[in-house]
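What follows is one chain in structure tokens, specifically the form predicted on its own.
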Amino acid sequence: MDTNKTFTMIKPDAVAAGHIGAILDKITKSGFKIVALKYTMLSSQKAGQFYEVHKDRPFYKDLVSFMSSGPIVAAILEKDNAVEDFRKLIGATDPAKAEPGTIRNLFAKSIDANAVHGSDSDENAAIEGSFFFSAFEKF
């Protein structure tokens, strides 16, 4: 399993607020290399598939609705210790609890509209990256 790759999405709230460039800049200045990048929009069906792991949780329907409400930016990032380092860079899910200077501290609106997704394990990074990108789109 690659420990040097992770997956992220810039969520609809951050895209709508015009934060794509600032977030990507923060990511690259933190030492991550972008090895795949896509500006796209999830249908309700695709958002449901991506977040299927949460299908029995009470927030699932709202999450699917939110994630299909506007364009997103999907990316595979590369760096030593990528998953753990990226989780530190994005900060806590609740931006009010996120460390100063983290992506969610700077760009998130709320615990629900929290600007970015970041993989929580090497295994999920590989699964999530492959959900969005074919082998021909990964560099």
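Because the structure is predicted, anything quoted here is derived from the model rather than measured. Position 1 is the first residue in the sequence shown; the rest follow in order.
If you look for the form predicted together with a small molecule, you will not find it shown, but the lines that follow are about it.
Q: The chain here is shown without the small molecule. Which stretch in 39 to 47, 109 to 117, 72 to 80, 25 to 33 comes within 4.5 angstroms of it in the model of the complex, by heavy atom distance?
A: Comparing against the small molecule in the model of the complex, the contact stretch is 109 to 117.
Q: Spell it out for me: taking the small molecule in the model of the complex, does every residue among 51, 54 and 93 have a heavy atom no farther than 4.5 Å from it?
A: The answer is yes: all three residues contact the partner (heavy atom, 4.5 Å cut-off).
Q: Under a 4.5 Å heavy atom criterion, is residue 98 part of the interface with the small molecule in the model of the complex?
A: It does not: once the small molecule is placed as it appears in the model of the complex, residue 98 has no heavy atom within 4.5 Å of it.
Q: Is residue 87 a contact residue for the small molecule in the model of the complex, using a 4.5 Å heavy atom cut-off?
A: Contact check for residue 87: yes, within 4.5 Å of the small molecule in the model of the complex.
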